[in-house]
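Just one chain is shown here, as structure tokens, and it is the form predicted on its own.
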């Protein structure tokens, strides 16, 4: 067995992040001069298959014709992967569901020349699954169906795969990955797996090529020095949003994540309008800090009406929690979850944008950039500049950039 070459076999139900993981993994390996190729069964099926394979019964295990065709696709890609590693290729990634024990046994029987590593992607977060399905049904193969019909069709497809799903557990070499939180829940490696440390490190690392972190434009509450609430943009705030849109019009921004507060969504709309293909995804996790009994109050009112709050927060701003609200320390978990969702749902684009709030953006920055906890509440987050963040295994970049007003 050649110790310098490797088959990686993706495993998991549809819409669990397999292709995103495979794509990012390939990119990472290639950057390190490790020739890697992906062999995706879905792409080949759409190329060689019947005109319409979107209907769910095509994936019914009892549909003999569908089963035979999908097996044919799998064998073609197995052969292509084998040929690739016979040449100059070093890693071949088989990207398919591969959820049945029968399929994985067949793969193991046919691929005997190099080591095999199974990577099983698991994610049962219903909100993420729904968002992933929404992205899936936007594919041209569902264009003949309405959104609701396409969603029902895809969920039934998942059900068919679920009926034959046997989790990876007896294979010689495997990693079970929570694909939302980048956590390895189980692993077993009995053979000498090439590049294993590199692969494992990548799987548990948050990576982003270009993240543009923006604070919403000026609001009426900003003018009054009030906190929280759901204030809209002022005239100047709308001018800021339009200026941002112009600054990004020559950059492809496929997805903009916002909070569910209208000031962030209002800031996102002009940017989306100047993009060819862009979606706005509001996430509750990016909502501004909940200031509880002090919500909608000005800092002067807090100092005057609730001096105990004012003084206690001033003493330890990071760990202080507003009565009936939250603090930096208690919002960390939800903001981290929002970052994981954004990276998961972005499906590996070159550019990701998050439009948030001052406290939330401070927490996002601290996620990628080491800061002492006590310093996080004082990170500079202006309304006329944005942060450009690159965070990979090989590169860390943080730039504060001014946009033209």
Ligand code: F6P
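Positions refer to the first chain, counted from 1. Predicted model, so just to flag it, every value in this text is computed and none were measured.
Not pictured, yet referred to below: the form predicted in complex with 6-O-phosphono-beta-D-fructofuranose (F6P).
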Problem set entry | Full three-residue contact with 6-O-phosphono-beta-D-fructofuranose (F6P) in the predicted complex, heavy atom 4.5 Å, for 228, 289 and 377 | yes
Exercise. Can residue 358 be called a contact residue for 6-O-phosphono-beta-D-fructofuranose (F6P) in the predicted complex at 4.5 Å between heavy atoms?
Worked result: yes
Exercise. Is the gap between residue 215 and 6-O-phosphono-beta-D-fructofuranose (F6P) in the predicted complex 4.5 Å or less for some heavy atom pair?
Worked result: yes
Exercise. Does the 4.5 Å heavy atom contact test between residue 362 and 6-O-phosphono-beta-D-fructofuranose (F6P) in the predicted complex come out positive?
Worked result: yes
Exercise. How about residue 317: is it within 4.5 Å of 6-O-phosphono-beta-D-fructofuranose (F6P) in the predicted complex, going by heavy atoms?
Worked result: yes
Problem set entry | Partner-facing stretch of 220-228, 85-93, 162-170, 267-275, counted where any non-hydrogen atom is within 4.5 angstroms of 6-O-phosphono-beta-D-fructofuranose (F6P) in the predicted complex | 220-228
Problem set entry | Contacting member of 313, 261, 176, 157, with respect to 6-O-phosphono-beta-D-fructofuranose (F6P) in the predicted complex [4.5 Å, heavy atom] | 313
For this session: Have a look at 248, 118, 202, 328 for me and say which one sits with a heavy atom within 4.5 Å of 6-O-phosphono-beta-D-fructofuranose (F6P) in the predicted complex.
Result: 328
